[in-house]
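In structure tokens, the next block holds one chain alone, the form predicted alone.
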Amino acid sequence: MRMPEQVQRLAIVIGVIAAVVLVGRFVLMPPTLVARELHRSSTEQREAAKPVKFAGSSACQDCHDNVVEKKAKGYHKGLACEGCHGPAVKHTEDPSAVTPAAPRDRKFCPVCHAYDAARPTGFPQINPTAHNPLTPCIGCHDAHDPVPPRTPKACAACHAQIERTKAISTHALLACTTCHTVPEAHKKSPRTVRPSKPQTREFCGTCHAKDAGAKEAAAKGTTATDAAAKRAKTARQAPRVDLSTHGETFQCWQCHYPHLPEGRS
């Protein structure tokens, strides 16, 4: 049986391509691209010929042991010295002739600390345009121990995205501390000391249970505080549910995002 003409043409094309590949691989291609040992040797020679620029953090410790000790206890303990000060091998060879630069450009620190929603919760972030504009970061912060010179008072200082979301929700008028207990240490070590969040369904039921606000309302005008009266007023206006049937045994925040509760159900 004779092979169809279309198959013959395809076989010829494939044969030509295979021949070109084999000729290119074994005849035309330079040995440096196919010989592994030769390629590795040439690469090592090329890299070894480059001038050494970085001295390494261990070299800094020989003269700056006090700074290294301070940094080892601070938030920047994982950063290499030359990550901020630049290559320092010439400084180690002649300290008096070459001084490493300090990052005074406002564009430097925001590489890590400008607001980015993808960064971990609690990571210090700022808006470089609004946060002490035109002032070098190291003018207020000791880069080797970058504790804020003033403890932030407002939650929005670090949680700007949550604050903006809450501002357009039905929880806009609720203070953060209504639902969260915030230790003072959280303001200085936000990633190691976390605020609390409601652990019972009854907490949200304070405002959203079908009988919410009744106790505070009954006490109004007698022993109720202004805060209790305000909670009672808020509860009377809030959406109500029957906690015994609504959401079964799930925590309320497992279905509703508290900072924008109407956006999810």
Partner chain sequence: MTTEMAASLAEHLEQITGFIYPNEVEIHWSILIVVYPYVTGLVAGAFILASLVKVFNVRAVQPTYRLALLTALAFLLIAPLPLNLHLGRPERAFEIFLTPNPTSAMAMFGFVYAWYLMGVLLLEIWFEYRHDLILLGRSTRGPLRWLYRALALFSNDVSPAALAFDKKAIRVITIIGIPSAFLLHGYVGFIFGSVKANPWWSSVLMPIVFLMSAIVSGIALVLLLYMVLTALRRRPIDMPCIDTISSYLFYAVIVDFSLEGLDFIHRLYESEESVGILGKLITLKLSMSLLVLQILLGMLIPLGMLVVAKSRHFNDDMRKLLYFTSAILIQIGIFATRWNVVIGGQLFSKSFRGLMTYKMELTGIEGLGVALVLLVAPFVILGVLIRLLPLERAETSSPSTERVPAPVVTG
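None of these values were measured; they are calculated from a predicted model. Positions refer to the first chain, counted from 1.
Although not depicted, the form predicted in complex with the partner chain is the subject of the following passage.
Engineer: In the model of the complex, do A97, I126 and N132 all put a heavy atom within 4.5 Å of the partner chain?
Structural biologist: Per the other structure, none of A97, I126 and N132 touch the partner chain.
Engineer: Does any heavy atom of V23 come within 4.5 Å of a heavy atom of the partner chain in the model of the complex?
Structural biologist: Output for V23 is no: heavy atoms all beyond 4.5 Å of the partner chain.
Engineer: Is L10 part of the interface with the partner chain in the model of the complex - any heavy atom within 4.5 Å?
Structural biologist: It does: once the partner chain is placed as it appears in the model of the complex, L10 has a heavy atom within 4.5 Å of it.
Engineer: Tell me, yes or no, whether M29 is in contact with the partner chain in the model of the complex, where a contact means a heavy atom of each within 4.5 Å.
Structural biologist: Because a heavy atom of M29 falls inside 4.5 Å of the partner chain in the model of the complex, the answer is yes.
Engineer: Applying a 4.5 Å heavy atom distance criterion, does E5 contact the partner chain in the model of the complex?
Structural biologist: Answer yes; at least one heavy atom of E5 falls within 4.5 Å of the partner chain in the model of the complex.
Engineer: Within 4.5 Å of the partner chain in the model of the complex, which residues of 35-49 have a heavy atom? Give them in sequence order, or say none.
Structural biologist: R36, H39, in sequence order.
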